[in-house]
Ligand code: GTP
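Only one chain is included here, represented as structure tokens and corresponding to the form predicted on its own.
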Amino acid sequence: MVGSGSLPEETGGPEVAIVLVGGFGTRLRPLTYEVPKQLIPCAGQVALYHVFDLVPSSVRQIVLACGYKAAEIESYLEAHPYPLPVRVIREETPLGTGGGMKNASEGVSDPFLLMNGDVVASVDLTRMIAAHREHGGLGTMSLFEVEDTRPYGVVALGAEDRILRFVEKPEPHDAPSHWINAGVSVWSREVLDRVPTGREVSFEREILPGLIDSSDSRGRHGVYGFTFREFWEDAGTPERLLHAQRLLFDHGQRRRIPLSAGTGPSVRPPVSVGVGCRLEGAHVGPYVTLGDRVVLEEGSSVEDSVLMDGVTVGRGATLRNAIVGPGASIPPGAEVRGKVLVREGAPQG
């Protein structure tokens, strides 16, 4: 584990990955009043661990820049250890993307990875890091092409994938391209010197534009893009989280858990089923994640959905495009489509 003493110098690849998990998950409420969005499962494991699975072999430690519900994330990490060491750095007040990375930067390697905590992607970080070394820039950002650029940061690319301009959340007529910041990047450690300490800072709005024509003390100059095309999603809304699950299942990034109990359920894969579930004559799938101890009663049907631990679905109920929080009960015969549901008595604000 990287300590707080001398900092590691540049190696063949980043030894530390900073993962930003400071957001409130407002677009997934009311579920995120109880569960941080990074701990909502999809395709058989929590969203945060899909991000962890992207890190290359050079990484020796993951550091979480953690704000909202840090205690819940720490508890999950303790109960479900990840193969790499994970260190949680709490924010006492919201610090934004730049302030969060600065707050979590003690002992960071040169270069280091920066990752958003809700991204599902096919980006090959080994190849991206090789491109970063070849270009010799301050940073390299993964880029994915989308039709609607309004929710994202957008770049203009020049020769050799040099980033010439970056615009955060532009209107369509102001977008310089359809290549967006895909939320995974590699940076020179000196970039952190540009981030003010002790206040909220947007890395994308306040810091990144000034890096495009800047150099560090080693002569690394400018910022480059690394484009990829297979799949990408920001799993920050119900619709996008379920789309991320479909992408992960379809591209083979799934954890299969055998059915542990049931009386002849009709299962249409891909489906991930947790421990201690009872599927009593239910119809399940495709594109379904069931947490532990989920009960699906006779004649119920679940498709394209996520049901967290301890959910009960009553006899004959139907769920489509639903996300159901831990311990919730769906009444017999109910029809649920396109909703986020929580248990009775769960926090509502």
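Fair warning: this is a prediction, and the values are worked out from it, not measured in the lab. All residue numbers are counted from 1 along the displayed sequence.
Keep in mind the form predicted in complex with ligand GTP is missing from the figure; the text below concerns it.
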Does every residue of Gly22, Gln38 and Gly96 put a non-hydrogen atom within 4.5 angstroms of ligand GTP in the model of the complex? yes
Under a 4.5 angstroms heavy atom criterion, identify the one residue in Arg27, His283, Arg320, Arg293 near ligand GTP in the model of the complex. Arg27
Can you work out which of Gly225, Pro111, Gly137, Gly100 has a heavy atom no more than 4.5 Å from ligand GTP in the model of the complex? Gly100
Which one, 273-281, 209-217, 88-96, 158-166, holds residues whose non-hydrogen atoms are within 4.5 Å of ligand GTP in the model of the complex? 88-96
Spell out, yes or no, whether the shortest heavy atom distance between Asn116 and ligand GTP in the model of the complex is within 4.5 Å. yes
At 4.5 Å between heavy atoms, is Val59 in contact with ligand GTP in the model of the complex? no
Does Ala65 reach ligand GTP in the model of the complex if we count a contact as any heavy atom within 4.5 Å? yes
